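Consider the single chain below, provided in C-alpha cells and representing the form predicted alone.
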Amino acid sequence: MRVSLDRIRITRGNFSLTADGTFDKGVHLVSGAVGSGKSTLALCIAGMLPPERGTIQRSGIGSTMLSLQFPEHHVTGMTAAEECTSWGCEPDTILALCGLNGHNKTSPLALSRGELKRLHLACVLNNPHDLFLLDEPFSSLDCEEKYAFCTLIAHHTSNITIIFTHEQSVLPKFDRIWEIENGILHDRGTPPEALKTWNSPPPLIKKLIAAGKSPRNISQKDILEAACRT
C-alpha cells in the first residue's frame, strides 16, 4: 500500500506547489502555514485536481476517502440519522460515539459546527478505506474533542492516513512528518529525528528540543514525558 508523488507540480493562479515523495502505510502529518497549499495537495492526491506535471502512483489503494475542512460541504442527509446512513454507518452507534444521542431527527445543519464536525469525522473514520486524506480535521473541535479524534486516529495503522493541518496544540503520534515551505513539500522523516529538521514545530516541542529534551513523538503523552524527563 503506497502513494508516490513523482515530481508533481500544481499551479493555481499565482500559486504553485511542487511535491515529490512516497507515503507508505501509517499516519502522516503534512504541516504548513495557512495558504501554503495543504488543501490543494490533498485534492491532488485524491485525484480531484490533476497536477500540471508529474505523476501520482497509487499501489494497493482500493478506496480513498477525502475529508474537507468544512463538514457542511459533505452533508447529504436531511437528518443526522440519514447522514450516518449515507456514509454506510449505523446511526445509533455513530451518534452515541460522538455524543449526539437523541439527535436522530435533527438536521445536520442545525447542529453546531463542532457537533457537525464530530459527526462527520465519526462517519468518515468508521469506514475501512485504504487511503484517508483529512484536511484540517481539528478545526471547530475543542480540546477534549481533539483528544478523542487522536484516540480514533491511533487505530488507523493498517492503512495510509494523511493529516493536513496547521494545528499546534493537540496532535496524535505520527509515523512520518512532512512540511510545506515556500511552495515545496519537504519530507522531514520519522520521529524523533524528524523533530530536529522540522522548521515550524509546535512552540512547546521547539522549547523542549532547545532544552535538550526532544520528545519521542508529538502526542501530548510524548510531550509530557519529555517535559518531565530529568
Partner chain sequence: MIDICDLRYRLLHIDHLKIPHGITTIIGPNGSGKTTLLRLLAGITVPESGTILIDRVPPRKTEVGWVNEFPDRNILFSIVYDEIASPLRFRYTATDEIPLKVDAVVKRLGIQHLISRKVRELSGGEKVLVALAAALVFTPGMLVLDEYDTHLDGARCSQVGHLLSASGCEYVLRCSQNMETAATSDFLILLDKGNLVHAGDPAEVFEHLSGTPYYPLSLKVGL
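Residue numbers count along the first chain shown, from 1. As the structure is a computational prediction, the values presented were derived from the model and not from experiment.
One more form of this protein exists, namely the form predicted in complex with its partner chain; it is left out here, but the text below deals with it.
Participant: Heavy atom within 4.5 Å of its partner chain in the predicted complex: which of 56, 27, 204, 61 fits that? Just give me the one.
Facilitator: Looking at the other structure, the residue within range turns out to be 204.
Participant: At the 4.5 Å heavy atom threshold, is residue 130 in contact with its partner chain in the predicted complex?
Facilitator: Close contact is absent here: in the predicted complex, residue 130 is far from its partner chain, nothing within 4.5 Å, heavy atoms only.
Participant: In the predicted complex, is there a heavy atom of its partner chain that lies within 4.5 Å of any heavy atom of residue 33, even though the partner is absent here?
Facilitator: Residue-level check for residue 33: yes, a contact with its partner chain.
Participant: Would residue 190 show up as a contact with its partner chain in the predicted complex if we use heavy atoms at 4.5 Å?
Facilitator: Heavy-atom contact with its partner chain at 4.5 Å: absent for residue 190.
Participant: Does any heavy atom of residue 143 come within 4.5 Å of a heavy atom of its partner chain in the predicted complex?
Facilitator: Yes, contact at 4.5 Å.
Participant: When its partner chain is placed as it is in the predicted complex, are 81, 93 and 126 each within 4.5 Å of it, taking any non-hydrogen atom of the residue?
Facilitator: No: no residue has a heavy atom within 4.5 Å of the partner.
Participant: Heavy atoms within 4.5 Å of its partner chain in the predicted complex is the criterion; list the residues of 152-190 that meet it.
Facilitator: Heavy-atom contacts to its partner chain in the predicted complex: 166, 168, 169.
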